[in-house]
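Only one chain is given next, in structure tokens, and it is the form predicted alone.
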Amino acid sequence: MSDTKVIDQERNGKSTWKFLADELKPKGKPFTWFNIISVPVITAGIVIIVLRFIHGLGYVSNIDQEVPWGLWKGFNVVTGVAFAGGAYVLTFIVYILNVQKFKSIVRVTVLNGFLAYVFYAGALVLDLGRPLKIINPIIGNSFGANSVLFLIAWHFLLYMIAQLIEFSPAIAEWLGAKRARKVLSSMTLAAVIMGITLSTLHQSGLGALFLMAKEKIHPLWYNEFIPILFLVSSVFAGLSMVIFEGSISKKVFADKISEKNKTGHKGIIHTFSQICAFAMFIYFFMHIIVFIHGKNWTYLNSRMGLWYLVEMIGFVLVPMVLFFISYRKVNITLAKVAAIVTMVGIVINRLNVSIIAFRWDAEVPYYPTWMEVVVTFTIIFVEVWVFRWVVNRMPVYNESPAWAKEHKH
């Protein structure tokens, strides 16, 4: 009996509150390596977050007036948003280009994107000296409707709503809400179009924020094309995350993935390798043009110059070649290795732009405290817990119930 049929039978004859109460109960083995590692980290992280709100930001972090951006913005927000790029890329391929072979992973990718934005918004609240003022960019107070931050705030908010609408048919199927599912499914295409538009603007908008920091960012990482570079890098960053997450989920949630989808997994990775290789070529080529045009040769003979070469050669050129070879040789293992190297490269690049190369000449450089690191892992672990809870209960990997298939979207 399929998981979908089991859920339908459990749902029938129960009140909504009874059903939800039963669904909140833990499922699966309580003592797994992930649980053993994540629970103490999350517990410590919650304590640190409480201390942060009681005693202020400076009590748990090295963020101050001179260094207003720390690990929580640089990693959880600036880097994390790039990894969430797989959602808008995949929905564009499936719903706009009508490439149906990827449809089986649309829901899980959209779920990943939605959770990423929700939790990264939470990280943003933690990183603000006055978190209650987070509403200001949205209403334009003190910033104005012409500021980049105003646009990013609205892109962020509207894109989360669009992703929630895209995923909402799965929630309706889980609850057995047939009428709501039909209405929500009819809104999917409009939500996808709005989501793709907002996400491309948001990815480039994050880069646009750094255009105002020309005097603070090292010349090797600053250029007027940062918005475009952020957008292009979000393509291969997002798809690399899809490859990485999909490979893990194939093992962890093996009982929920149909044999048809398991078989198609290799074909999906193979195609993604081609897209990543092409996007990384564009990204690398743009960097070369910017480097030559900016006459930045003199900066290479320095510590920051060597670090720049490590980033561009080791974490852009090398994985680009690996993706290309994996596509030509149909080597799925090599594609997975390339995805991991690419993800590390994205982390390095975004941290370089937002932290390492930002005020690189400061007398006292910024280093995150151990508490900042713990909170960063707390956010990631809680996101994984929520993701696992949803996948174990809602039709994310497994097929939709029979009644839902009558209203395809």
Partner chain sequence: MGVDRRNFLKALGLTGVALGTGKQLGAAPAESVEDDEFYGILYDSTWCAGCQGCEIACAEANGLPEVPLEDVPEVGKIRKTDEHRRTVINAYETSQGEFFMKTQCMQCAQPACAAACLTKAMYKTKDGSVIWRENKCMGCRYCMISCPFDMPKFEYHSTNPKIEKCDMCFERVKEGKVPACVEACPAEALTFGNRRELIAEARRRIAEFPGMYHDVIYGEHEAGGTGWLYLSAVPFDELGLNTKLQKKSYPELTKGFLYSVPSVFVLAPALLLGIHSATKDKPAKEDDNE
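Numbering follows the first chain given and starts at 1. Not measured: the values here are computed from a predicted model.
What follows is about the form predicted together with the partner chain, which we do not show.
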- prompt: Pick from 91 to 99, 274 to 282, 237 to 245, 306 to 314: which stretch has non-hydrogen atoms within 4.5 Å of the partner chain in the model of the complex?
  reply: 91 to 99
- request: Only one of 137, 319, 169, 80 comes within 4.5 Å of the partner chain in the model of the complex by heavy atoms, so just point that one out.
  value: 137
field: Single option in 216, 328, 266, 293 placed near the partner chain in the model of the complex, where near means a heavy atom within 4.5 Å
entry: 216
field: 4.5 Å heavy atom contact, residue 377 to the partner chain in the model of the complex
entry: no
message: With a cut-off of 4.5 Å between heavy atoms, is residue 260 one of the residues that contacts the partner chain in the model of the complex?
response: yes
message: Using a 4.5 angstroms cut-off on non-hydrogen atoms, would residue 74 count as touching the partner chain in the model of the complex?
response: no
message: Does any part of residue 301 reach within 4.5 Å of the partner chain in the model of the complex? Heavy atoms only, please.
response: no
message: With the partner chain taken in the model of the complex, which residues across 42 to 64 come within 4.5 angstroms through any non-hydrogen atom?
response: 53, 54, 55, 56, 57, 58, 59, 63, 64
